[in-house]
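This document starts with one chain, in the form predicted on its own, laid out as structure tokens.
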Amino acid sequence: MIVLNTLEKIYLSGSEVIPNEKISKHTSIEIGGKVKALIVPNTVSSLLRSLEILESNEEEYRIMGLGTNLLVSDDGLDVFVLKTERLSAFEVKGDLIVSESGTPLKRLCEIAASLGLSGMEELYGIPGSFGGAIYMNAGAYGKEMKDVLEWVELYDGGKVERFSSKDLEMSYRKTSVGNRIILRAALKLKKGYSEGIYKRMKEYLRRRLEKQPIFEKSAGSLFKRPRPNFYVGSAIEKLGLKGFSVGGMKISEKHAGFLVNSGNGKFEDAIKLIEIVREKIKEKFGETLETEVRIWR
């Protein structure tokens, strides 16, 4: 009788498996050491089968979408990482768009516009996956995911349950999703005209291009606002830290709220830079900053 190891079982369950993969290949800031294996499920069913195998073997795992807000240790992690990028099936039911969690948020905005469905224009251009945007209640220009989210399906240790957006206690860059895994969700939009929707989307995208380091290696907005009327990027700029660097990591010269990899930046450079900014903000403004970027170590 053939005894299969964990990776063989996962491969046979329908997921792609890349042993000893460097996560730097999969993060927008291009940082991150090796993990036990990168697992890329092709369907929600193969994701659930892979999770069942990992959990039955008491293996530690983590979930990533498109890696646009991740800082991962260069030392690597003794875990399996499941990447949801191929979970991108969707269907339209009237003014509802139901999508799997791996669909890029930008793509969903385009789909909505093509169908004449309005409500997501302000979110156009936010990088990352649908699931990642829900997990952190991403937002821009006064609009957040909670404003357009109808329901979410979550996996929690063997069972799949559906929750309303209110059940998830969504607030500024926070939800109660916790360690549960987002499988699919529904967006509740409004009927509109594609031409006007595209026009508004283009305007918001143009604003991003003007103000944000779109074409640099970045993990997105670095810190959450500690209170509604405190703008972290402006505060960092007032401290004279725009362009400030530690090793190959620096505060963006285009927008001081962004951390960018200007060369061969390292994880420890990023952590040191984050702590320096935190200390100076605390000293000058009395505010304690929490990272918006997710840190794995």
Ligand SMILES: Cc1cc2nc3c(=O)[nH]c(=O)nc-3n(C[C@H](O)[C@H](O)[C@H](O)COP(=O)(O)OP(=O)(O)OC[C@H]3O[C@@H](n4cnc5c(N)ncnc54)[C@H](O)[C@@H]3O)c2cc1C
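For every residue, the number given is its place in the sequence shown, counted from 1. Please read all numbers here as calculations on a predicted model, not as lab measurements.
Omitted from view is the form predicted together with the named molecule, to which the following refers.
This chain is displayed alone, yet in the predicted complex one of A186, L108, A138, M201 has a heavy atom within 4.5 Å of the named molecule; that residue is A138. Shown without its partner, this chain lists G67, G257, P41, G32 as candidates; in the predicted complex, only G67 has a non-hydrogen atom within 4.5 angstroms of the named molecule.
For the chain shown alone, K211 is not a contact residue for the named molecule in the predicted complex, no non-hydrogen atom being within 4.5 angstroms. Although the partner is absent here, R297 lies well away from the named molecule in the predicted complex, with no heavy atom inside 4.5 Å. For I126, a non-hydrogen atom is located within 4.5 Å of the named molecule in the predicted complex, even though that partner is not displayed. Taking the partner from the other structure, the named molecule in the predicted complex has a heavy atom within 4.5 Å of a heavy atom of I181.
Judged by heavy atoms within 4.5 Å of the named molecule in the predicted complex, the contact stretch among the candidates 109 to 117, 163 to 171, 217 to 225, 192 to 200 is 217 to 225.
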